[in-house]
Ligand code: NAD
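Okay, so here's just one chain, in structure tokens, the form predicted alone.
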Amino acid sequence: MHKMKIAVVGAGAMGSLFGALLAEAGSEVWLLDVWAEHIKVINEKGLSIEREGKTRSVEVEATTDPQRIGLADLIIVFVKSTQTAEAARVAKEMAGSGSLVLTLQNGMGNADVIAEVINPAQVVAGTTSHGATMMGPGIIRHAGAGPTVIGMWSGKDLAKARGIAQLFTHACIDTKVVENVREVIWDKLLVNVGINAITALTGIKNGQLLDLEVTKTLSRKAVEEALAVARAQGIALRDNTVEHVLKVAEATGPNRSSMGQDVDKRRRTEIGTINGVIVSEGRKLGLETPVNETLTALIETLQAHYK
């Protein structure tokens, strides 16, 4: 395998983590982000990663200017889903005809947005169970590791995706390739539907979702609505999805969901590509989604009135 040149568009907690792990494994990695202070610290001192009480520093190239990077073999989009369209345009500047563009973002619709700008045959999509939190400029916490699953967004030529999986696994990002990546993205979406908005609105941690019957019921109803939409679209999903969502909440008990962190920091959330997508897709199918509609409306109201 030749040495790959990788550009990470969006060097938040997750983008920084993946970039650092790939750089440690010997790839040429560039982190691209608009947050100048974060980029400056990385270039001066390296990226600090906290993991289970230990901190290490990783040297990785970082810039706010995509033109400094030039063409890349692999471009990983890790921005918030509200910025995907802009990130896709930036990715296009760095993508040659043989480049791949990978999204591991939360929510539904990111790959479609990217495929409007990039040749769909070059788009790879997936999900990851790694968790990371931004601690400050140049410092992230690697909160937890877990499997990453990817697949080609269009076309069945999995060889390219397998190349990425090999590269990632070599960099301690355990990655497998699937043929139907849409099902995997739906699976992750259902977890976010059941956890994110509820924890964001109430200020609780993921595990506290299980403390009260009334909270569990709310989560269950949101997930059941989403399942009905998925099935109407012909997406095959596990039967025990509601139990799976509650298990994930328990397993990530001490964590504050990404949407919760966004609300705490008064940032725009990804509600439109999570609960909001259940509402809009449900509408197209003539399905009522009152719980997701309510959760979406509350988050949209909350973020519109940030102080």
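The numbering used is simple: start at 1 and walk along the sequence shown. These figures come from a predicted structure and were not determined experimentally.
Beyond what is shown, the protein has a form predicted together with ligand NAD; the following relates to that form.
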Would ligand NAD in the predicted bound form be within 4.5 angstroms of a non-hydrogen atom of every residue among Val79, Gln83 and His130? yes
Do Leu22 and ligand NAD share at least one heavy atom pair within 4.5 Å in the predicted bound form? no
4.5 Å heavy atom contact, Leu227 to ligand NAD in the predicted bound form: no
Please determine whether Ser219 contacts ligand NAD in the predicted bound form, using a 4.5 Å cut-off between heavy atoms. no
With the partner left out of view, is Ile271 within 4.5 angstroms of ligand NAD in the predicted bound form by any non-hydrogen atom? no
The chain here is shown without ligand NAD. Which stretch in 165-173, 227-235, 101-109, 207-215 comes within 4.5 angstroms of it in the predicted bound form, by heavy atom distance? 101-109
Checking Ala249, Leu32, Ile42, Val29 against ligand NAD in the predicted bound form, the residue with a non-hydrogen atom inside 4.5 angstroms turns out to be Leu32
Can you list, in sequence order, the residues from 170-195 that come within 4.5 Å of ligand NAD in the predicted bound form, counting heavy atoms only? Lys188
